[in-house]
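One chain follows as C-alpha cells, the form predicted alone.
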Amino acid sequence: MRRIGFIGLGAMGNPMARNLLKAGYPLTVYDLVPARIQALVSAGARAASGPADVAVGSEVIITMLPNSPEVREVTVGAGGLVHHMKPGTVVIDMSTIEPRVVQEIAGILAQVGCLLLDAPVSRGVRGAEQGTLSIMVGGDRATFDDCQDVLRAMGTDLFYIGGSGMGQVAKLVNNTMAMVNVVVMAEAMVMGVKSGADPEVLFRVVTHSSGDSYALRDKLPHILSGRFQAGFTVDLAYKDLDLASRHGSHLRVPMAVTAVARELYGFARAEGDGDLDCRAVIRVLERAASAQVRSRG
C-alpha cells in the first residue's frame, strides 16, 4: 500500500481521509486546526507538523483546501511541498480551484520530477462520508490510471476528463448548472407562492413535469421544513460561480446567467447566510418579494 499524505481535514477532507484509513493506506495528515489532526490520529493516522513533514515519506499527497491561494501556497509556496518531495511523488489536488492555477502548479511540480492530478469532487459531505464521491480528473492519463486504487477508496465514479486543469473545468460546469438551478427553483417557487399556490402542490406538479430537477427534489423539501443547516454552503456556491465567471471571462465566453446567480448568493452572504446551505438563497428572494415558501414553524 502506498504511503499517502493528506492536507486539509475539513468537512470533506476528514471523511475522505478516514476512508483511506479504512482501505488500509498508511496515512500522514496535516491541517491548520490541531483538533482535526488529532481526530485522525485517533483513527490511526500519523500527525505531521506541516506540509514539509507530509512530503517526507509520502508517495501520494492529497490536498483538500478552500481555494486557489491556499492550494498554491501549500504546493509551491515558500514552505510548500515542492521543496521537499522526492521525484515521482504524485500530488492529487481535490479542491475546487481555477484551471489556470492547476496548470501553473503542474508546471512547477514537473520541474522537480513530480506530477499533479486535479481531481475535484461532487456529491458533498454525504458522498465523502459514504465513499461515493464523483471524482473528475485532469492530468496525465497514465498517472490517473496508476492512482485509481487511491481514488476508489474515496469515490465510486471516476471520470478522466483530459489534460491538466480539465478536472476543474468539469467541476465548474457541474457546479454552475447545479447552483444556477437552485436559484431558478427558488425564484419560481417564490413567484408561485406569492400568487397563492400551495408549495407542496407545486412540488408534486413540477416533479411530474418538465421542470423537474435535482435542485427541486433535493432542496425544496428542506426549504418547506425550514431547514437550512449547512451542506454545500452559500459561501461555496458563491465561490464556485465566481470561479466559473472568471474562467468564462478568460475564455471570452459570456456567463450572464451565472453572474446573476452569483450576485444573488452574494446578497445571501451579505445578509449573514454564508454558512447556511446554498438553498438559503431563497431567503433573499422571499424577503424581496414579501412571500415565504418555507415553513413558518
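Every value quoted in this text rests on a predicted model; they were computed, and no experiment measured them. Start at 1 and count along the sequence shown; that's the residue number.
The discussion below concerns the form predicted in complex with a small molecule, not included here.
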Interface residue in the predicted complex among V125, A153, I108, L224, criterion: non-hydrogen atom within 4.5 angstroms of the small molecule: V125
Partner-contacting position among A48, L65, A55, L27 - heavy atom within 4.5 Å of the small molecule in the predicted complex: L65
Triplet I4, T89 and F144 all within 4.5 Å of the small molecule in the predicted complex via a heavy atom: no
Non-hydrogen atom contact L285 with the small molecule in the predicted complex at 4.5 angstroms: no
Distance check, V257 to the small molecule in the predicted complex, heavy atom within 4.5 Å: no
Exercise: A11 in contact with the small molecule in the predicted complex, heavy atom 4.5 Å: yes
is_contact(D212, the small molecule) in the predicted complex, heavy atom dist at most 4.5 Å: no
Per-stretch contact check against the small molecule in the predicted complex, the hit in 153-161, 72-80, 200-208, 179-187 (non-hydrogen atom, 4.5 angstroms): 72-80
